[in-house]
Every structure is written in structure tokens, then in C-alpha cells.
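Next up: just one chain, as C-alpha cells, the form predicted alone.
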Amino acid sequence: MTADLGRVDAELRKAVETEDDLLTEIAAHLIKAGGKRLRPGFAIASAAVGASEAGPASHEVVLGGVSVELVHLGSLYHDDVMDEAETRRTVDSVNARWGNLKAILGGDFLLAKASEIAAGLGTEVAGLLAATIAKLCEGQVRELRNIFNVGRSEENYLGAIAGKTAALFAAATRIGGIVGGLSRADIDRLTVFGTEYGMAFQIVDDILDVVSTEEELGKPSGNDLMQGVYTLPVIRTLSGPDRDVLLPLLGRPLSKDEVERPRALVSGNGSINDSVSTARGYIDRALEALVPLPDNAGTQALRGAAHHLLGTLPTSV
């Protein structure tokens, strides 16, 4: 799969080449910065579930992974504008280097290229990717409507991450299954895996934003609290015995210095462990969806990713 992900990187760079040197530079900025390429990896692994023997992914499967990754990258450009982020993957964010207008246009360009590639893979893949982009927007709007809302419900939070994060993981596994020619039953199982994994992935990411350093994350830590995005550990702290201490510290923008006290409060009670348990529940359901599938390299790669996710948390959590 390492070789296939190398092909994904090559196709990503090729996809953003334009006649305008500046647009090419902007669109390729985060591609060159690297990344784990989890979503294209999931597409490739999902297609491999239906393979009778191990071998390189087809060109169409690689392009399916590229289309999903371009959507992910485009969403990051837009997210960084909304968050006023200064770094991403240890490099300057696009908005910090070129400004918000160019960052938005760069993100739009990446989404357009993703749609173009998906259209070449057939109407089902094109429709699925378009619907996924819509879900990402719906999830993000759901989150934005609750900025600085100390009364944000857990139901609202889970609904938002289902759209803004889980939907794209589900699209990755489903596109891999479709392009790989799997049965409808197996495609549906892979979609469940992607959805459940995506929910766990975002919860883990939100936990890390509270407990990790900027160096560990490769982006600003504590940013959710500073920006008024109250995630699962915060929501659960606000429903526990530390509510009266935490509540007066929230509901407004926080500086880097001001955010340390609420971070310590959220980190120092049971809400982090409770959130880890919730993430583990999603991972358990993701793994359950894989049980009927063939025990081959593709299934093993997906299973390994699920087991690895919770291991990304610091041992002190």
C-alpha cells in the first residue's frame, strides 16, 4: 500500500497543475507539506477487500483516493480561514501566507478538481462525492451555529462531526468499494466502517486538542476552546461537578494565556476518559462491520487503522 500512496501523491500534484503559477503553488501547498493520506488509504484498502490476490491498486482506485483527498484538503483551506489558523502540518497555513481570499479560492479549486476526477469514475461516484461535500458543509454550519454556546448538546456535537468528518471517511471506503467492484452488501459494510471510524477519529482529534502540545499536533493546540468550539470533553465537563468553575471561563474568545486554565480543568476530570470510552465504542462498531469481510490485506489494513487510532492518544490519558 505504501507504493500505492506514492502514486496518490503523484496524482495529487498532477491534479493541481494549472497555467497559473500562483494558483498551482497555492493548491499544492498542503500537498507538498505531506500528511498521512488516511482517506485515500482507506479507499485503496477498501478496494483491496475484493481482490483475489495482493497487488497494486488500479489507476481508477488511486484516482478515487485522490478525489477524496482533494475534498479533504479543500475543506482544510476553508477551515483555516474560519479558524484564523496560522499553521497547518507544521507549515504556514494558506490563509496566513496568501490571505483569506486566495485561500478560499484555492479551497474551491481543490473541490472542483475533486469533482472533475470523480466524474471520470462514473455517475455513482460523482454523485456520492457531491453529496459528501454537501454533508461537510452541513456539519460545519451546524458547528458554526453553536460557536461560544455553553449549552451545546452532545447530540448537536455528534451530528456536526457526522457531517464534517465521518461523512468523508465513509465516502472514502464506499468509493473504494464501488471502484473495486465489491458486492453491494460489502460496500455497505465498508461504509459503516468508514462512518464509525470517522466519528471516533474526530472525538480523538478533539481530545488531542485539549491535552496535546502544538508541537505534537502540528497545529495550534487549545484552538477549539479559544474559538468557542465546545467539543465532547468540554460538553461533558459542563454537565459534571466542575461546571460552575468552567462556565465563567467560556462563552467568549480566549487568548493563548487564557485558554490554559479551562484546558487544565477539562483535562483534569473524568470527561477525557469518558470521551475516550465513547471513541472506543465507535471503533468497536467499526471493527464489527468488518467481521463478515474476507480476511485479506485490505481488511487487515482497515482493522489495523482502527486499532491504531486510540493509540495516538498520550499514555497519560
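Residue positions are given as counts along the sequence shown, with the first one as 1. Because the structure is predicted, anything quoted here is derived from the model rather than measured.
This next part talks about the form predicted in complex with a small molecule, which is not shown.
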| property | result |
| --- | --- |
| The small molecule contact in the predicted complex: G50, any heavy atom under 4.5 Å | no |
| 4.5 angstroms heavy atom contact with the small molecule in the predicted complex for F201 | yes |
| L111 within 4.5 Å of the small molecule in the predicted complex, heavy atoms | yes |
| Partner proximity in the predicted complex: Q140 to the small molecule, non-hydrogen atom cutoff 4.5 Å | yes |
| The unique member of D79, D209, D186, D242 whose heavy atoms fall within 4.5 Å of the small molecule in the predicted complex | D79 |
| A103, A170, L225, V71 - the one with a heavy atom within 4.5 Å of the small molecule in the predicted complex | V71 |
| Stretch from 274-282, 252-260, 287-295, 37-45 whose residues place a heavy atom within 4.5 Å of the small molecule in the predicted complex | 37-45 |
